[in-house]
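Here's a solo chain for you in structure tokens, the form predicted on its own.
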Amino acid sequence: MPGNKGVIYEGPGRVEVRATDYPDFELKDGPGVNPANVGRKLPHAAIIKAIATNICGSDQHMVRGRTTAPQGLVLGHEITGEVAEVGPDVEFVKVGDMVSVPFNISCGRCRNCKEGKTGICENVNPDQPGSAYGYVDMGGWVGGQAEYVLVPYADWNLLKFPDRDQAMEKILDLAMLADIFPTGFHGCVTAGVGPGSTVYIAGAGPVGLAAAASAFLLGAAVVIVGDLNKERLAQARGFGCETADVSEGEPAQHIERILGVPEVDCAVDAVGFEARGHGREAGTEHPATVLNTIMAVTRAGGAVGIPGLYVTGDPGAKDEAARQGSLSIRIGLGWAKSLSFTTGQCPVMRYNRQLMMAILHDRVRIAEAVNATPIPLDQAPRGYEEFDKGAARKYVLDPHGMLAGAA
């Protein structure tokens, strides 16, 4: 049995790479594991050798101390790799298959899974619907920023790549299928993006940039990306987006400058609960800013997609209401404009196969759009630090040195 190393959350602002347990076909006790899940037998699981495993903005919320994540949690939910072992109940997935792992853990058997709502599976998290690897309050499934990770319900969850050599040629693009590409795409789909649409995307981090690339894939005429970070805005302009530096004023002002009117057909929140203000308030945290902004700039009768993360517990919030996930949202404005809202985890399996085909057949260059940057697993602490400082990069960890030459 090989050893294993993983990226461990050691408290606010600190991650370490150290030895961790090799996966077993039984869920063991550990940091964040729901007691009702301890001892759960997993003959339907597969052990994945991680070829690429990404640092996500959602991970960064935990590392900043903005969630109730326990110390010792193995992080990581964006996993791409090779099947190393399969349990006795796995029928179709084979050792050696190259696969993408949706960040949602789902059973394929419950009502929600059968309706395609894999982000809110009823059978994998005893506390609430929905689960993910290495994430707070998600049932305690061990994270995948590691050399090896266990994936339950393997026949259902894993997306197999058709050809290994082709997959390795496009591995950085395919690594985005576990989360941010489907998540950005979901934000655009639920916002109603289509041919000729004008779109405002709040946030030029990796999910926002993935949403922008998705908007073009869906036929948008104009995609405007708003952010405070000039380097990330430049990254967005690099593949055809218009940009709004919201440190210089409200998004509506920038939208009117670009379109001639202060509103768009569709808007996407790719920021979440650590949002900051605009203009003079750009240096301070205003967690409802983006939600209220996208309602304000979306035309009446339109829709907004909200893939940005919002939590029920934020120990670092500036007031008691926000610490409980209660924000000052202008719901009256949304009601008056008859806006539609879609929130929650992206159901990755609804989109990942189609997006895989778009990648394999050169319809999109998602790794280029988000500036995917491979680094060794041991350099994960540096990746977290640089990402937290606003680096315009999507860091992809390389646990086995298999991404050499990937660009």
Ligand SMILES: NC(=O)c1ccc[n+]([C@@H]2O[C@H](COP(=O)([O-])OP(=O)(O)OC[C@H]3O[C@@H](n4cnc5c(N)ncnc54)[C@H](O)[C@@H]3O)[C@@H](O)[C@H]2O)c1
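Sequential numbering from 1, following the sequence displayed. Computed from a predicted structure; not experimentally measured.
This protein has a second form, the form predicted together with the named molecule, left out of what is shown; the following refers to that one.
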Classify D227 as contacting or not contacting the named molecule in the predicted bound form by the rule of any non-hydrogen atom within 4.5 angstroms, answering yes or no.
yes
Check G205 for me: does it contact the named molecule in the predicted bound form (non-hydrogen atoms, 4.5 angstroms)?
yes
Taking the named molecule as it sits in the predicted bound form, is A367 in contact with it (heavy atom to heavy atom, 4.5 Å or less)?
no
So in the predicted bound form, does any heavy atom of L73 sit within 4.5 Å of the named molecule?
no
Exactly one residue in H254, K170, R276, K117 has a non-hydrogen atom within 4.5 Å of the named molecule in the predicted bound form; which is it?
R276
Between P307, G144, P102, G81, only one gets a heavy atom within 4.5 angstroms of the named molecule in the predicted bound form; which residue is that?
P307
Interface stretch in the predicted bound form with the named molecule - options 376-384, 56-64, 43-51, 26-34, non-hydrogen atom within 4.5 Å
56-64
Just give me the residues of 168-192, first to last, that have a heavy atom within 4.5 Å of the named molecule in the predicted bound form.
D179, T183
